[in-house]
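Read the single chain below, which is given as structure tokens and is the form predicted alone.
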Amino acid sequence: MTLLYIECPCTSFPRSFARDYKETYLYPPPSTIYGFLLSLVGEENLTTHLGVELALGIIGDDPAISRIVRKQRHHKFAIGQEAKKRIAKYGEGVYPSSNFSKLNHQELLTNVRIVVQVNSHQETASIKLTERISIALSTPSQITRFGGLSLGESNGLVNGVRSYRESDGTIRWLVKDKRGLIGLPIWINRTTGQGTFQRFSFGDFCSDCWVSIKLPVSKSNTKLSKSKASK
């Protein structure tokens, strides 16, 4: 198992249902942390390390929330005839800012300090995520990755990631709780908008802290599984 300390001075974890007003989750969702770890080890395939288990903890008080005004782009990914019309009018990949940009309010979190424990026992990948994290931290020259390492949005660059030390502070662990007031996404399908969520409350570390990263069970997945079984 791997216990990591991550520090991020300013970031945002946009709520999955947020629209014009970009609200943020107060704590990092497991889906975000999973994406962060893949970025850390230079993995582009989201499904490579499915089955990995994560336990998340917060150090210190809740991060402060700030509200800013930000210019954001809004455009739909057109398909079919609508896409052809747009390409004919503006050109491929061109979105005129006068039509698709406007000012919106957004929430930001500052001074985010979290601890992540990673368990790769249930993974099927030949090289476990914990092994790749260990390589990334000890010999980063062996990792091929691109872009700045961020947590949440791409502009939320982290100050650093390393092994946790007791001097970092006491950990408040997120514990699975059906009546908990903290709801966070485990997996979001950006194409369909469907996903899985889990409720949490704070407590001491226990077996209920572990969250398994899996694809959501949908009708299409079920049909695919039955089709493979029949063959």
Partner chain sequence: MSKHLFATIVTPTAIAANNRGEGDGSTLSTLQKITFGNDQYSTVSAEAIRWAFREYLQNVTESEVNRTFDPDEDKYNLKGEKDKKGATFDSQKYIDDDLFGYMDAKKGADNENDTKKRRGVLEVSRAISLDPYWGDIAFGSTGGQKGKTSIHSTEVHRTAYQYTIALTPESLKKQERAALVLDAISAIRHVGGNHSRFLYEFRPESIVIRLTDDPSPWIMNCFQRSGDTVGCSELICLINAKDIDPSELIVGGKISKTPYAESLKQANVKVCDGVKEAIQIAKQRLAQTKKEATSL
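Fair warning: this is a prediction, and the values are worked out from it, not measured in the lab. Numbering follows the first chain given and starts at 1.
Although it is not shown, the form predicted in complex with the partner chain is what the next lines describe.
- The partner is not drawn, yet in the predicted complex one stretch among 44-52, 171-179, 194-202, 61-69 has residues with heavy atoms inside 4.5 Å of the partner chain: 61-69.
- Here is the short version: of S101, N119, S150, S134, the single residue with a heavy atom within 4.5 Å of the partner chain in the predicted complex is S150.
- Within this chain, K89 lines the site of the partner chain in the predicted complex, having a heavy atom no more than 4.5 Å away.
- Proximity of L40 to the partner chain in the predicted complex: non-hydrogen atoms within 4.5 Å are present.
- Contact check for P9: a heavy atom falls within 4.5 Å of the partner chain in the predicted complex.
- In the predicted complex, the partner chain stays beyond 4.5 Å of every heavy atom belonging to G80.
- In the predicted complex, the partner chain lies within 4.5 angstroms of at least one heavy atom of each of the following residues of 137-153: P140, S141, I143, T144, R145, F146, G147, G148, L149, S150, in sequence order.
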